[in-house]
Each structure stands twice: as structure tokens, then as C-alpha cells.
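One chain is shown next in C-alpha cells, namely the form predicted on its own.
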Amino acid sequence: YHHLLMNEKTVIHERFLPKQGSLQEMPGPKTLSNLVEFFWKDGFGRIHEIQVQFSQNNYGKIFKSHFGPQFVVSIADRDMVAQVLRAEGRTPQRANMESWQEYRDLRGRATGLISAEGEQWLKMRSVLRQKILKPKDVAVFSEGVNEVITDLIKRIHTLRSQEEDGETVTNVNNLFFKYSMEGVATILYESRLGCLENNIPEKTVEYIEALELMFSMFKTTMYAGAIPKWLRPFIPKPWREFCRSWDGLFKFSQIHVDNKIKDIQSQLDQGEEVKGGLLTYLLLSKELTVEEIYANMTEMLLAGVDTTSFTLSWATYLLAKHPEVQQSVYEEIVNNLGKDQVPTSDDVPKLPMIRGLLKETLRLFPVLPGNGRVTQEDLVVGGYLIPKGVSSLCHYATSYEEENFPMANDFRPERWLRKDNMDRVDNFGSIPFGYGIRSCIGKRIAELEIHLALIQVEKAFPSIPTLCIHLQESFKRFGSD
């Protein structure tokens, strides 16, 4: 009887369980055609479009591809994405960071939270999470962020007054770039940089140029990681520009950290009690070395600027295109906060449309179109046995799937509103900040800066379309509307 039962189970298993395909059987573009697509046809500037084309038209929700020496399995299905993320261990590896690590080895620099891996990453995460991961911890930054927003509003008025029509701001993204840099530096460095002043300090100008180089060289940095080392003597520019931009970022960050060290030492010498924010805490606690603090301040500032600036640009662009949504948001702000109240983080939960606006903006226009993961164990995903070490999660493609988001091409912030306190609107189809323990540690800071800025810009300029938004840099990175 036992023998017959086992045979029956074997038959059931073979008939109804999916077979595990191999990587050889997995569809995907040929290596040569992929090289042509990305290195000849500017594929790194159209990653989001290629992602959608490959997943919806060519190869399906899971496909393989080569980027120079790198092999990647791309996953463009909400449930498969969830499976990969939920299988992560205690020290997930975000993506292939070999070019970042090579630069740090070349210059003798430490790794930060973005570039570190394994136990080193876990140690840094545990230190930094104490100050910037929880909403109540980030709430203390509201006052400093609001001071920056006050300067942002003044700057908008100044720029408008300089135009012939007295209303137009011709480069909103540049304006938000400087706001983002000023805001995140206020939190990280505990000091102002002067990005929104009429005459920006020379050292700040140098750093802005280094940041702009890194962002403008976005495609170049992708090439830097994809081009084999033996080809660099023949194609030197990507790697040279990659190193030059990092040199500028580290230099500026080190100046501000060193200044804070001097300030703390001066206070101690005078017998004063030392108080401060994140940087002061890191320096006094000595849980990280000074080199590790340099690296983390540099990487977090790099990651924090474009997250905020591009998202603010797209949010105001979407409001300008949908005046009925803008009116709804404005009325919610006035009805719940009044026209004169300066908002804090405690006020954001009273404004569900502002929160929905941010989530919907990030669904439609995520800063990056995918989340990289270097899987640490072999996984069976979508019927294929994927060996550890290769994975890319295509959340741009999943964000535009009708099964994940009905009327997916439409701008509908209300889709994120909760019906009651027990309702949650979670969806692995849109994960712009990542998920789990390796999610963006600066998420709360970015949300604070964006929420508070949108509230005050809405109050100060109820008719956003008159700002005449131009998002040229955003379009360069994300393609045309």
C-alpha cells in the first residue's frame, strides 16, 4: 500500500508541478544584439522603455541578458518580485557595485551604506537607522527643512520677477536640485550650503558641478561598469569621468565633516555640552570610523539629491497637467491646515492626497526604473532555476501593468488612499524605495522634504501651471512624456 501511495504521489507531482527550466531555456536578447542596443543605440538612456518592450512584447515577465561582462536575469512580474525580495537573508546585496568598490580601492576610500556589503553593511545600517529610519526620528528635521523651503519660495519669487511675464520659472528641475541639495545637506552636515542664494559660495558651486557631473554622466557611469577593464585604454572617458565626479563629491563631503570635527573639539575644549544632529552623533559615538563617515555622508548626499529633486519636478509637472487634482490637493491643505500654518511632519498624515500624490508620482516616474539584487541562494522563479548572483527587479514595467494598477497610464493619486485605519495600500508592483532591510534608508528624509515642499509650494502658488515647468534634464534621463 505504501509503495502504491508513493507511486501515486510521484505521478501527481510529475503531472501538476511546474518543471524547472534552465537558464539556457530562458528567453532573452542575444548577446550581440544587446550590445548593439545599449552601446550603439543609447540603450542606457532608454532602460525603462527597453524594460517594458522586452517584458510585454518580446520575452515575457522573466528574461536574461548580458551587459558587457555582467549577466542579469530581469524580473518584471509583481509576484515574482515579491518572491525574490521575501527570500532575502540578513545581509542582502543590492546590485553589482564593482565599479564603486574599484574606485574606493584605487583612492583608498572606505565604503558607505550604498556600496558596502555583508557584515560591514549590516553594521553601518544598524548605526544609521537609529537616527533616520523611523518617522519620529526624522520629525526633528522639520524645522531645518522648513527654513530651506522658506528660501526656496523666496527664490521662486526672485526668478519670476526676473522674467518678462513675471510668472515663468523656466528651469524648475534646476531649482529643485538646489533645494534638494540644501535640504539634505542641512540634515547630513548640520549646516547650510547657500545653494538657494543669489550668489552661491564658490565651494558649493564646485560641489554642485560634481553632483551635476555624476547625474549628467548617469549613462557614462553605467558604461563604466559595463565596459571590461581591458577595454578602458581604448575607451577611457567613462571611467575617467566616473572617478573625477567621485573625487569632487568626496572632497566636498570631507570638508564639511572636518569642519564639524573642529567645531566639536572647540566646544569640548571650552567645557561646553556638545549637542547636534546626525553628524554630531556619528562623530561622538565613534561607532563608525572617520573614513566611514566620509563615505556615508558622500553616498547619502548623492542618493538624496536626485531622489528629491526629480520627484518634485515630476509631481509639479503632473499637477500642472491635472488642475483638478491640484485644486483637490490645495483644498485639502487649506481645510486641514489653514493658509498660514507652517506644516511639520505631524501634519502630513492629515493630508492623504499629498501622500497619494508622492506615491503616484513615483509609480509613474520612479527615479530609477529598477531595483538590483544579487541573490544569495539559488531560487526557482517563474519556473526557472536561477543560480545565486543574478537578478534585476523591473519595477518600472510592473508599475504600468493593468493587473497591478487599473488604468495604469492615468495619473490617479486617489488610488493610494486608505478606506479606513485598517486598510493598507501595498503593492509590489511599485517599489521605488526598494523593500525590506535593504530598502532606501533615506526614504523618510526624502518623503519629509517632498511632502513639506509640496504643501508650501501649493499654498504659495495655487496656480502651478503659471510656473511654466520645463523638465529638460528629467526628460533626458527618462525619455519624453
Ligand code: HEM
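Position 1 is the first residue in the sequence shown; the rest follow in order. Remember, it's a predicted structure, so these values are computed and weren't measured experimentally.
Below, we refer to the form predicted together with this ligand, which is not included among the displayed structures.
- For a residue to qualify, one of its non-hydrogen atoms must sit within 4.5 Å of this ligand in the predicted complex; none of 149, 345 and 451 qualifies.
- In summary, among the residues 282, 329, 181, 113, the only one with a non-hydrogen atom within 4.5 Å of this ligand in the predicted complex is 113.
- Between the options 192, 322, 125, 355, the residue in contact with this ligand in the predicted complex by a heavy atom within 4.5 angstroms is 125.
- When contacts are judged by a 4.5 Å heavy atom cut-off, residue 438 counts as touching this ligand in the predicted complex.
- In the predicted complex, this ligand sits within 4.5 Å of a heavy atom belonging to residue 94.
- Shown alone here, residue 373 lies within 4.5 Å of this ligand in the predicted complex, counting heavy atoms only.
- This ligand is not shown here, but in the predicted complex it comes within 4.5 Å of a heavy atom of residue 433.
- None of 246-254, 361-369, 231-239, 376-384 except one has non-hydrogen atoms within 4.5 angstroms of this ligand in the predicted complex; the exception is 361-369.
- Of the residues in 287-308, those that come within 4.5 Å of this ligand in the predicted complex through at least one heavy atom are, in sequence order, 300, 303, 304, 307, 308.
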